[in-house]
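Same chain, two versions here, written out as structure tokens and called structure 1 and structure 2.
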Structure 1
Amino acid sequence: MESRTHIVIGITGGIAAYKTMHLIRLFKKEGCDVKVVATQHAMEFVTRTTIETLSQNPLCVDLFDHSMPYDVQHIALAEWADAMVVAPATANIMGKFAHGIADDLLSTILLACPKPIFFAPAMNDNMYMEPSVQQNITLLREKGCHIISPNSGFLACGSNGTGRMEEPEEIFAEVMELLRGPQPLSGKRVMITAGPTYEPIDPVRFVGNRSSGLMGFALAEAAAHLGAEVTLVTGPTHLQTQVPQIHRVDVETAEEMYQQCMLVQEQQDIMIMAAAVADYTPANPAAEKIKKNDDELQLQLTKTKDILASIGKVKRDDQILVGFALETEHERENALKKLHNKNADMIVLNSLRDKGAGFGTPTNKVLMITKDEQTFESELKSKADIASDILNVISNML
């Protein structure tokens, strides 16, 4: 997505307006240029300072605001927009647009805008179900508008029913999907493992490794950008992600990661095992903190379940399974062995010999080997770029 997508967000007078502040953030984070047009009533719920700080643009409220830099404001904004999103949309704004009424800045811009228009209704459940409101929504759909239906649940007015504005993440995802067009991984489910695992020795100590989770998180974000619904099963890491299409599942041990992966593996189209899963775990973790009474301490370790190999055993032909291999010697032979032994479709080989590649670094250098032994080599680059390369190879395999 190029960085200058123009979004006009219309805010009308409903309590859900506070959630629209988060929607502005989501579009800004994506690199969009956001301009906000609010009705007078909307300004009862949110402030100019909040909107202007988040959108980094002047807020437009009045039809005849001579301080604004646009020649004819409503025409300028309507032409500037690549899409308009009215959230929350009251019964009033939908009724006005359905019937061609333009009596304030927002309703005037809507009439002048030739680009996709989204409405995210929010109101009391009885109002939402009222026949004239439903007729107006039908009229809007007939005009080609996109209605992002409200959810059911507890409403701010105290009743329980349909009328709660859809969550900002969902509104954002729906708008971006339309603007980006069909993506290579649209409709695909992708599971990614990331990070290290911590295997408890006692309640305060663990056996772990130096994996940061960066590669797995980069893969999750790249897959989401290509349109996939992502399940990210991650071991302990300080990393965060706010991409709406990523469902994050936090785990600690190899066993927990195994359980979570096995729960969802059947529904996945693509599975990428980027986690550095412990191969061994303390056999009998102590229930209480181990005191340093003895000069020596022996830890007995037992093998963990191999998640990649376990999925390799049950996977269907229409599922793509990708493993990682971190090798220090005989890299290629060892990677090929893993590929075949674990029944993967591709293995991504990191070599610790390459400077800047592997654990904890922001960059990586990999060799991808498919099961028919085609190879794709990347140069040293950011993990985000490596993630795109890996997903491009996988998309071509689909």
Structure 2
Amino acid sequence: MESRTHIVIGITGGIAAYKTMHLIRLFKKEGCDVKVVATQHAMEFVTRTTIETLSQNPLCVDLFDHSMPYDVQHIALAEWADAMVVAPATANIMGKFAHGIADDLLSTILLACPKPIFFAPAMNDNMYMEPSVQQNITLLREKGCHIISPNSGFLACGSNGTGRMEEPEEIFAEVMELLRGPQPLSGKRVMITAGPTYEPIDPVRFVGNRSSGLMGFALAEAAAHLGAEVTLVTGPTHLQTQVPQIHRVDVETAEEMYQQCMLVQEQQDIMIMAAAVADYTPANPAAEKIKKNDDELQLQLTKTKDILASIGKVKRDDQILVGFALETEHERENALKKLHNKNADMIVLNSLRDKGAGFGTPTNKVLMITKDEQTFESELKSKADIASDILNVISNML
């Protein structure tokens, strides 16, 4: 999808307008150019400064605003948009558009816009279920509009019913799904592991490694953008993701990661083991903090369960299993051994010899080897780009 997709967001006068601020951020994070059109009543709930800061564009409110860089503002915005999203959509704005009424900037843009239009209704449950409102929603659907139905729950008026605006993540996902069109991983379930594991020595100390989780998170977001439903099993990390198609499961130890992976592996189409799982864990973690009394401290370590090998033993022929290997010597030889011994379909080889690759860096350089020993080598580039390369190879394998 083109990186600068144009989104016009319409905000009308409802308390849910505060949630639209997060929707703007989601589109901006995706790389979209966002322009916001608000009604006069919407400005009772949100501020110009907030909207313009988040959208990085001037806010449009007045139909006859001569400060704007074009004369016929509603036509220019309608032609500029790749899609329009009205959130929250009041009964008033939906009724206007259903019957061809244009008496402010937002309603005139809607009439002039030939691109996909989405409405996310938000109102009191009695208003939403009122027959004339439902008739208008039916008319909007017949006109080709996309109605993102509201949720049930506690409403601002104090009642409990249907009328809560759908969450911004779900609105964003529905709009982007239409704009992107069919994706290589649409309908696929993908499990990805990320980050380190922490193996406790005592309540405050652990055995761990320097993995940041950047590669695993990049893979999760790239897979979601290709249409997949992603389960991200991650060890301790400061990283966050707001992509709605990603279900995040936080774990700490290798045993916890093993349990979570084995719990969901049967339902997956693709499994990518990008986490840096500890090979050993303290045999007898202390229940209390170990005091610094002795000159030496000996730890007895036991081997952790091999998650990649365990999944490799039970995976079906219609599942794709991808492992990662970080090597410091005999890189290709060791990677091939890991690929075949663990019944993986592809191994992604990292080498600490490559400057700018490996733990804690925003860049990476990898060699991908498939089970029939085809190789795909990347240049040093961002981990987001590396993730795209890996998923492109996986998509071709499908």
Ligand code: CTP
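For clarity, a rigid core is taken as the largest C-alpha set superposing within 1.5 Å between two forms. What you are looking at is a predicted structure, and each value in this text was computed from that prediction instead of being measured. Along the sequence of structure 1, residues get numbers from 1 upward.
J.: Eyeball the pair and call it: which is the form predicted on its own?
T.: Structure 2 is the one predicted on its own.
J.: Quick check: between the two structures, are residue 171 and residue 38 assigned to one rigid part (C-alpha given to the better-fitting superposition)?
T.: Answer is yes, one rigid part holds both.
J.: I need the hinge angle between the two structures, given as the rotation of the smaller rigid body against the larger one from C-alpha superpositions, in whole degrees.
T.: Rotation of the smaller rigid body relative to the larger: 12 degrees.
J.: Once the rigid core is matched, what's the CA displacement of residue 332 between the two structures in angstrom?
T.: Spelling it out: core superposed, C-alpha of residue 332 shifted, distance 3.7 Å.
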